[in-house]
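To begin, one chain is listed below as structure tokens, in the form predicted alone.
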């Protein structure tokens, strides 16, 4: 019995074996050292990589694990960005200094929570809608958020936009890309661990059951209304938290930043990386974000390039980059038999 318990615990562990722990420590060390080894512009890009990783993980929980398509995820990012910005403006104006070193962490939570509330509202129709009908609802939500922001200058600054106050930890102002890098990637690591554990819990199993067959899931006792709405709320929370970080990195918000193309861009990250896998969402976000900045001189061709990559991946490797990595790892383990 003891051996069975040990085997089960080993199976459920996120990191197994000395080699895996060594690789994890080296990865964390590399992430900590990168801002000191790279020029400032590359650190700025890495901040966007981290933000997109958070959005992609949250979207994969919705699309890859629950099977609910969203083409309006940029709306949640926008809500999180503006909610966090208004929160920190109000905090500075009132002279309130939040606990734990300032309003920065609270602003990230407020951004995520505000988006999660709207995630619940958007998720309610998901109880009765599937496929293209649900896609149209989420598409309409994303477009509606952008139009509301454009036509409500008191909230968004209108077409002129709005400057975002620099975040602070106590009396220390986080004005450099390097300081923001550590905060962004701390959030990335924390939210990635939460997502890993969530997908391995009873909640994650309920998500997968709904994705595979919602009728069968309901017959076995899964509450479709609760878990479908929860999936939208959790996914929106991730997008909102990423939006708060985006506001701090950009230091400026303008409604046209949050357009339909961004929602398609996020969905492409999930598809290219691998649906239904947290590492896949990370791989896809890293690849497409670096590709975006690497091809900054040819921005007009990026939609064509992204579309070609998605078609190529779906044709050659439906499981995405992470699926290909699993096949390579299996080949390395079995070679030369």
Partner chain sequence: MFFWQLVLSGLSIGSLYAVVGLGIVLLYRTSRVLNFAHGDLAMVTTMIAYSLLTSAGVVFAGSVALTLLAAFALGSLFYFIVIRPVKEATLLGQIITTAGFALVLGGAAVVIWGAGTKALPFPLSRFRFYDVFGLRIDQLTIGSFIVSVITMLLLYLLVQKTKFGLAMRAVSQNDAAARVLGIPVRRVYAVTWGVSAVLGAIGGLLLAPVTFVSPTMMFDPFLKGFAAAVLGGLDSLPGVIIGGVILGVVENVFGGYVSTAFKSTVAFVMIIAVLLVRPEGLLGRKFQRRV
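These numbers come from a predicted model, not from an experiment. Residue numbers count along the first chain shown, from 1.
Note that the form predicted together with its partner chain isn't included here; everything after this is about it.
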*asked:* What I'd like checked is whether 140, 264 and 307 together line its partner chain in the predicted complex, meaning each has a non-hydrogen atom within 4.5 Å of it.
replied: yes
_When the contact criterion is heavy atoms within 4.5 Å, does residue 133 count as touching its partner chain in the predicted complex?_
yes
*asked:* Even though the partner isn't displayed, in the predicted complex is residue 144 close enough to its partner chain, meaning a heavy atom within 4.5 Å?
replied: yes
*asked:* Please determine whether residue 113 contacts its partner chain in the predicted complex, using a 4.5 Å cut-off between heavy atoms.
replied: no
_Under a 4.5 Å heavy atom criterion, is residue 186 part of the interface with its partner chain in the predicted complex?_
no
*Of 155, 117, 148, 106, the one that lies within 4.5 Å of its partner chain in the predicted complex (heavy atoms)*: 148
*Out of 108-130, which residues reach within 4.5 Å of its partner chain in the predicted complex, heavy atoms considered?*
125, 128, 129, 130
